[in-house]
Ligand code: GLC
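Here we start with a single chain on its own, the form predicted alone, put down as structure tokens.
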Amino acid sequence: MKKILALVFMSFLFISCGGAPKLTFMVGGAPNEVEYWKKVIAQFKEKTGIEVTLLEQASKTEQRLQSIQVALRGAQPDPDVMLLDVGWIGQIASAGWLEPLGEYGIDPSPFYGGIISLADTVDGKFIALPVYVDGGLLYYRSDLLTKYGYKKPPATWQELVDIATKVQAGERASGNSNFVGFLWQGDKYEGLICNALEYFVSAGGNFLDPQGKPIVNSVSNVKALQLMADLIHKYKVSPESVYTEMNEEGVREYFQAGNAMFERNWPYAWGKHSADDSPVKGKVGIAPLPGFVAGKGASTLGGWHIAVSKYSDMKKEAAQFVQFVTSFEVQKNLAMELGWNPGRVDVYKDADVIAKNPNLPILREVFINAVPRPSLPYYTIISDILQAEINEAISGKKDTKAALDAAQEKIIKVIEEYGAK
């Protein structure tokens, strides 16, 4: 890891000291995504004459965060522009490392207002814009829904349990002993927190109250966590592997193999399930996640946002690049070419985009009400605490209330140590 960070730092020195300054853009992701960003950069140069150097990051999100922190902590002029996971914005902004975008005439109104206010605004100033957004969704086998006499996907968790129980029993009796009712992300990592937030909010709870005080062990949250555990141990519609190894890809692959009725995952899974080589192609539907009461489900906000470094030596040009990346034209192209869910609301009404992804109208409604994780400088510490305690509870090693009581006590100590604003 030290070698990786050293190479990153050396690349900053090389770019900063060699010849005329160039705008730098730090981004990672899958190889096809990085290649597409090169096309975007070329289009920007053709339109503005401004040359951009792409600083390619590792594909793993943890390493992407580290490379950004190395540059910003060292007050390096590069990168000028970067992509940030929505969960990092509060942490990085609280350090004073991001440039307010409103000062450069950038208009946030075409974007989801709730996302701008909850995730991209710090101390009254918006400091990032969503390039693409994500939210938790319920995937279901539409063919099996019909086969077992159901007309629509579940609107409540109890309906999901009932359908999952019936279909699981029927498919196992038909010879598929590997078939399960419901898959979700329960391994001890950030994905578990995204799942837990959805259950908690759908029960009327959350991690923090509107004033930022921890309410982890609230009655609503205990009820929600008990359901998560019951899905595995009482109803037995989710396998024990949920809490030992299930992440996004593990869930996606198991479902795509034809071995599950329901799957909680992000929008990216739709493209995988719809591919020509997918065993479930044409047999999958998507819906909002259920709630304890119909219509009261919740979806955790995900996605990547674009921001300008406070230490950039080309802030005006960086702002131009942000405007270009978040323009209607580029946002539409990202949706068409990469299948990304645009940050701009108006792209969801475009006929070409809808033809490419008929699910976009559903996604638009999900994203409007998406719930962000806490925007705190010490969020990663809180997340680690919650991961450990929630995973202990859903594994059956710890009583649900005891787990949340322990998490509440530890989180209070963290807040006292770091000092809440």
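Note that residue numbering follows the sequence shown and begins at 1. What you see is a predicted model; the values in this text were computed from it and never measured.
Here the subject shifts to the form predicted in complex with alpha-D-glucopyranose (GLC), a form of this protein not shown in this document.
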### Query
Since exactly one of 263, 78, 134, 171 fits, which has a heavy atom within 4.5 Å of alpha-D-glucopyranose (GLC) in the predicted bound form?
134
### Task
Please pick, from 85, 162, 230, 350, the one residue with any non-hydrogen atom lying within 4.5 angstroms of alpha-D-glucopyranose (GLC) in the predicted bound form.
85
### Task
Would you mind picking out the stretch of 203-211, 187-195, 281-289, 123-131 that comes within 4.5 angstroms of alpha-D-glucopyranose (GLC) in the predicted bound form, counting non-hydrogen atoms?
187-195
### Residue contact check: residue 304 to alpha-D-glucopyranose (GLC) in the predicted bound form, 4.5 Å heavy atom
yes
### Task
Look up in the predicted bound form whether residue 66 has a non-hydrogen atom within 4.5 angstroms of alpha-D-glucopyranose (GLC), and give yes or no.
no
### Query
Hey, in the predicted bound form, is residue 99 touching alpha-D-glucopyranose (GLC), heavy atoms inside 4.5 Å?
no
### Task
Report yes if any heavy atom of residue 383 sits within 4.5 Å of a heavy atom of alpha-D-glucopyranose (GLC) in the predicted bound form; otherwise report no.
no
